[in-house]
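There is one chain below, alone, in structure tokens, taken in the form predicted on its own.
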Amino acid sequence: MATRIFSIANQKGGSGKTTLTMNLAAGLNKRGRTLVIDADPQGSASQWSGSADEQNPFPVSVISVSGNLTHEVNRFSNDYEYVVIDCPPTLETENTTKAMVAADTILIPVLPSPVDLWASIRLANTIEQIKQIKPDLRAHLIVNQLEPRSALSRAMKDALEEFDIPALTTSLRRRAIYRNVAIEGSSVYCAGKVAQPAVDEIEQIIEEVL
């Protein structure tokens, strides 16, 4: 089985990029050996895994990369079935483009407001350019922090329909458990019954993208 590479990208801060990266990786790790590459200069994924209790380490290996991302992906990918890259929160760095070029699938978390979606237009344009040289590249939006008792607004639905990148059917709800497991350096898969609705969301996302 060839290594599947996922890049989690959005140039807008606060979109939930690292939350998706770490929980997606934890779910993929149940299917095959998984690696997280922390390419974000802020080092959020590394800080997340570093917060884990020594007796209960984060279940997925996390490496930080600030140099040549392409070299690191090539060096490690043969040892893993899945690689998840937490991209820099900007399009101004070379590693963001390299991460997207390396990927089979790009996942873009966006907050449930048209303003936040429109902020991703430049990212969508970059992905379209990459598809010119990599036509099999898949890209999906994931609506994040959707309020549990609310549906998408009509304005957001209209904005999603106008966007060139399709949205996954599954959304991530706004749940305290996602914040809690970040503090603990864990994932929703390790948080017991209280986290089951969040686990179900991540599982549904994985089923959609695999």
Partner chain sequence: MSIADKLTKSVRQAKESSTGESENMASATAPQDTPAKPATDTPQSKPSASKPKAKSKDSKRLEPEAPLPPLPTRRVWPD
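Nothing here was measured: the structure is a model prediction, and the numbers come from that model. Residue numbers count along the first chain shown, from 1.
If you look for the form predicted in complex with its partner chain, you will not find it shown, but the lines that follow are about it.
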| item | value |
| --- | --- |
| Its partner chain: the contacting residue among 141, 156, 177, 26 in the predicted bound form [heavy atom, 4.5 Å] | 156 |
| Site test, 149, 173 and 182 vs its partner chain in the predicted bound form, non-hydrogen atom cutoff 4.5 Å | no |
| Distance check, residue 53 to its partner chain in the predicted bound form, heavy atom within 4.5 Å | no |
| Residue 130: touches its partner chain in the predicted bound form, heavy atom cutoff 4.5 angstroms | yes |
| Proximity of residue 101 to its partner chain in the predicted bound form, heavy atoms at 4.5 Å | yes |
| 4.5 Å heavy atom contact, residue 62 to its partner chain in the predicted bound form | yes |
| Those residues of 113 to 152 which, in the predicted bound form, come within 4.5 Å of its partner chain by heavy atom | 114, 117, 118, 121, 122, 125, 126, 129, 130, 132, 133, 151, 152 |
| Relative Cα spacing, residue 200 and residue 154, in the predicted bound form - shift of 3 Å or more | closer |
| Direction of C-alpha distance change in the predicted bound form, residue 201 to residue 151 (at least 3 Å) | farther |
